[in-house]
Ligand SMILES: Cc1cc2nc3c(=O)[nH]c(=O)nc-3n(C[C@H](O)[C@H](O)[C@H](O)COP(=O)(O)OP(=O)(O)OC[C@H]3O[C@@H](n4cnc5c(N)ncnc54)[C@H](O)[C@@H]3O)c2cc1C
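Here you get one chain, nothing else, as structure tokens; it is the form predicted alone.
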């Protein structure tokens, strides 16, 4: 396509990445699997191309701290290019992968109407998982998930915005109970951590900031259809966590299935068939995950089955049946009941990278992939956490310190670790939350983009669209304005009565 040539806005502009003589490894995703897989190939005789839908590496376990004003998004999501800047054999491309052709060994990605096809010799698919609404995707409009920076910033706007609107409504003499009710759906680690932090906001951080409302009267409700909190942590830790949440003022509703969600609230249904409506403007969805749609793409071409969460069955060496050059790692795989946690993705990606390097050097295949469980942790509130490491079960302050150390270790970059520690000191030892800025754009941009036919692509011109006359007129206007600014300064004409 040449400059000045019109293009059809309904079809993307296509391009093909040229092949080189070196072994080409394509990595899909910039999460834990994608990043650690790419870095593990640093010294291999290969060229690595990472294709990801975002420009950052997200430390997802700390998203709730962005949503509740403790950390900034930059501290948990450094630019992928910066992280890989010193790795000379790695290239980063922005784009959402829309197709994988296993027969021709190509990956097709697209961003804002620009389509790119990238060939590979080896492929590592680490596209992760998204939020699952269990077939009720329309719930997402009013109950955002917790899977991306956009989600966290939107929730930050919704949470702090709810307090602002409640203050305004109370000053007008209105009932603001629905604005001061916060519902978190899902009692897993993310839901527990989110509910605990919203409770701390209401009962500790914001108590002196408002005049017309009493923030400590806010309701924080944790809802789950399961019979206990934190099922993967076992009955004892689950019971301890439930009690500590209730001590914080969180209402824990178990055995409650969400059956409807709208702008002003949601409906929960109990096992006996009874229903209850909860009036709440702010809802957080932290229940369930669904593997990337690329799992379906791979399943259709290989015949490998998918489980109910869309995860694909892989061989013991993490390859796809019939395609030994394709590795799938992390949240996308159904193998040995592995959990959807960061360590599974990290260890699997390193295993795949080592296998690729070994094949190029004529080494024997590795033994089947075996996951080493380093334990699970969840923070309830400041100074309270639970940790499950092997048979060891820890609660309280010691588990909280362990949680801090582990999460600090896995934050990428020294400067991010340093600023995270400072923000934790401010938030946990004091009352402050240094990241409370929110805007209307954060709250409404996601829904607005979804209402466009092609999302953000409808807001930009195609590469071939170019108006030379409009550019000439704009340039002349900018030059005129600049010359006028120079004249006013040189003639000391500013502030002189005209």
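Since the model is a prediction, treat every value here as computed from it, not as a measurement. Residue numbers count along the first chain shown, from 1.
There is another form of this protein, the form predicted together with the named molecule, and it is not shown here; the text below is about that form.
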Report summary line: Checked 147, 384, 242, 350 for heavy atoms within 4.5 Å of the named molecule in the predicted complex; positive is 147
Requested in this report: Just give me the single entry in 49, 60, 462, 438 that has a non-hydrogen atom within 4.5 angstroms of the named molecule in the predicted complex.
Outcome: 60
Query - Segment assignment from 353-361, 223-231, 424-432, 124-132: heavy atom within 4.5 Å of the named molecule in the predicted complex - result: 124-132
Report task. Please state whether every one of the three residues 34, 95 and 341 places a non-hydrogen atom within 4.5 angstroms of the named molecule in the predicted complex. Result -> yes
**Report entry** Proximity of residue 416 to the named molecule in the predicted complex, heavy atoms at 4.5 Å
**Finding:** no
Query raised in the report: Does residue 76 make contact with the named molecule in the predicted complex, using a 4.5 Å heavy atom cut-off?
Result: no
Requested in this report: Using the partner position in the predicted complex, report whether residue 454 sits within 4.5 Å of the named molecule, counting heavy atoms only.
Outcome: no
Report task. Spell out, yes or no, whether the shortest heavy atom distance between residue 190 and the named molecule in the predicted complex is within 4.5 Å. Result -> yes
